[in-house]
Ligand code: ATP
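Next up is one chain by itself, shown in structure tokens, the form predicted alone.
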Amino acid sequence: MYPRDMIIPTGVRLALDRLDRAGYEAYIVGGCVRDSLLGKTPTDWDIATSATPERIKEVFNGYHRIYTGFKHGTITVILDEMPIEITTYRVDGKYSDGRRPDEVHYTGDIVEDLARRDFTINACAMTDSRFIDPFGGMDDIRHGIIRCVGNPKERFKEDSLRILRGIRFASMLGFVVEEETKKAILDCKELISNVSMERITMEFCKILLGDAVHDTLLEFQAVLAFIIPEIREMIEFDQRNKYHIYDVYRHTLKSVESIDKDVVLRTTMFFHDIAKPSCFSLDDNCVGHFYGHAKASAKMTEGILERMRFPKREIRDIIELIKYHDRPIGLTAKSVRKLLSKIGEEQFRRLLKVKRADTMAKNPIFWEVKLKDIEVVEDIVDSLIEKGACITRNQLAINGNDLIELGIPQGRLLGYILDTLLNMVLNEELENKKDDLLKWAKAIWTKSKLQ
């Protein structure tokens, strides 16, 4: 499994060579080694070295250097247009805040440096000719295991973000979390309070994008419920409806794994039914219903995403998709055109993906009809776009200047007339032809003056 054919970028090789020629040890470490062992191409490259920060500065004199991590022994050097973090071997001091060491002590021993890292899969070091693996990281990679270096609870008390990182690696890599490490994650979940909301949200989004997101979020649902308490009611909530074979939480996870690896789409699926338990009712036949749950879920999710400090644009798009996820779309050009006009092509196509994922998380006996209907709607969308159908006010055959030439003054009335004409076109009451639109514009203007 040793990556002898690993392609090391020119800038990284240059850094290793310069440190070696200056008389210092230097190894590629961390995630780039892990990814290489997994046969993946690393995106970030980190180097650990016996050189102190002052010596690193001297070795790379003349190169662009960034000192934001200097306090903890890290200098970022730009080589061959690539930023490379170069860090002195170190041993961390106490972690008073549960996130970062109060102080670091430099060491000349690469093994001591690797011993401070979070998981064995991230505690390997290598060069072209040497591989350092004191904690069995390569075996854990081979067997697909997430295991802490040393005592798991100590690792999580040092840096609480490691709890979410462990879950993220399980989701992204499809690895199994070793039992002692798993127990520590669950026991230490409240330590996540030490982590900033921005970092929590960043890890949450990465977890959602994993191939093994379903199994991981099922296994660590207690941790997710600590971060987002609103999901607790979803867990094991029986939907008591023929269209569903899973409880609300399992249905949610099925829908998440059934959609594209996109933050907006997967976040939409994670929250799309969050208000179902609060909207639950039973009819006379003891069949469960969730009237109004889409609107309620959208409102609840908006508050959660604001609390989690999601970008405003993402919040807006996610809320809109949740709001419409349960809304039927008629299998006619008129019905499709009206919704297209309201939410736009990009959101409409996202909405169809949401509906498809939602369907695939329900009882399979109902899949065929619903999925065929979605395909029909997709074909209608494609046809409308290809034909350049009038969907927005900008696509009308007339504009504000045409109305001004008729004598209609600028202002709210002008916008009202254009919106009215667009609605008539969308409702197939009027063709998008200039003469017809101008005729109706005059009529609407005349009527407004008589009122």
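In case it trips you up, residue 1 is the first one in the sequence shown, and so on. Every value quoted in this text rests on a predicted model; they were computed, and no experiment measured them.
The same protein also has a form predicted together with adenosine-5'-triphosphate, omitted here; what follows describes it.
At a distance of at most 4.5 angstroms from adenosine-5'-triphosphate in the predicted complex, none of the three residues N194, F204 and E314 contributes a non-hydrogen atom. In the predicted complex, no heavy atom of K254 sits within 4.5 Å of adenosine-5'-triphosphate. adenosine-5'-triphosphate in the predicted complex is not approached by E178, whose heavy atoms all lie more than 4.5 angstroms from it.
The shortest heavy atom separation between N122 and adenosine-5'-triphosphate in the predicted complex is within 4.5 Å.
Using a 4.5 Å cutoff between non-hydrogen atoms, D118 counts as a contact of adenosine-5'-triphosphate in the predicted complex. For the options H325, R165, H214, R337, the residue carrying a heavy atom within 4.5 angstroms of adenosine-5'-triphosphate in the predicted complex is R165. Contact with adenosine-5'-triphosphate in the predicted complex, judged by any heavy atom within 4.5 Å, is made by just one of D140, E320, D159, E230: D159. The partner is not drawn, yet in the predicted complex one stretch among 395-403, 44-52, 378-386, 414-422 has residues with heavy atoms inside 4.5 Å of adenosine-5'-triphosphate: 44-52.
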